[in-house]
Ligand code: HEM
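There is one chain below, alone, in structure tokens, taken in the form predicted alone.
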Amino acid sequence: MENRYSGGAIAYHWIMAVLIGFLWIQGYAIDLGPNATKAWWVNLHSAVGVIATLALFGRIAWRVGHRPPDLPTGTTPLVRISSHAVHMLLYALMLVICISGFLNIFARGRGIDFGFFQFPAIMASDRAITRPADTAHKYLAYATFALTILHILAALWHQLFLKDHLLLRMMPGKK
């Protein structure tokens, strides 16, 4: 298929999708479990968040160095603009949600334990930072979720109704 994304772009896309999906589910479930295990789950969320942040930086670097394929011929200017805007907003949300998450954890005076090494707490506990950082992190997660659903629905619309094979450009596998 012509106009496929590069293998690196496809890999970063799906790695980020899996990591973010895990973080959404696990982040939501933290408050549902017993308090005795909450610190362990928060640490897991933070550690996976570090991995997702590193993957995001890799993805951004890849994107800067690799132009995405052109949209199908006949794509309207409104769709082109909205597609670009949604992608840029997703990148921005992912970046800001990472920042708010790190602010939230570090302003609690906590570090992150990866098992084989620990990233120490880098500041003392400060509730004046944790409350807004926690609130921002949660609302940014909801915004990212909503925009991701819109992104998925648009991809399905292209594939199922417009039949322009746009979705297949990001699917792993042979060209």
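Residues carry their position along the shown sequence, with the first being 1. Just so it is clear, the model here is predicted, and its values are computed rather than measured.
The following text describes the form predicted in complex with the ligand, which does not appear among the structures shown.
Colleague: Taking the ligand in the model of the complex, would Thr37, Ala128 and Arg131 all count as contacting it (heavy atom within 4.5 Å)?
Modeller: Per the other structure, none of Thr37, Ala128 and Arg131 touch the ligand.
Colleague: So, in the model of the complex, is Phe57 in contact with the ligand at a 4.5 angstroms heavy atom limit?
Modeller: No, no contact at 4.5 Å.
Colleague: Evaluate Leu150 for contact with the ligand in the model of the complex, applying a 4.5 angstroms cut-off between non-hydrogen atoms, and reply yes or no.
Modeller: Judged by the heavy-atom cut-off of 4.5 Å, Leu150 is well away from the ligand in the model of the complex.
Colleague: Would Leu160 sit within 4.5 Å of the ligand in the model of the complex, counting heavy atoms only?
Modeller: So Leu160 does not count as contacting the ligand.
Colleague: Just to confirm, Ala121 within 4.5 Å of the ligand in the model of the complex by heavy atoms?
Modeller: No, Ala121 sits far enough from the ligand in the model of the complex that none of its heavy atoms falls within 4.5 Å.
Colleague: Going by heavy atoms, what in 82-107 lies within 4.5 angstroms of the ligand in the model of the complex?
Modeller: His87, Leu90, Tyr91, Met94, Ile97, Cys98, Gly101, Phe102, Asn104, Ile105 sit within 4.5 Å of the partner.
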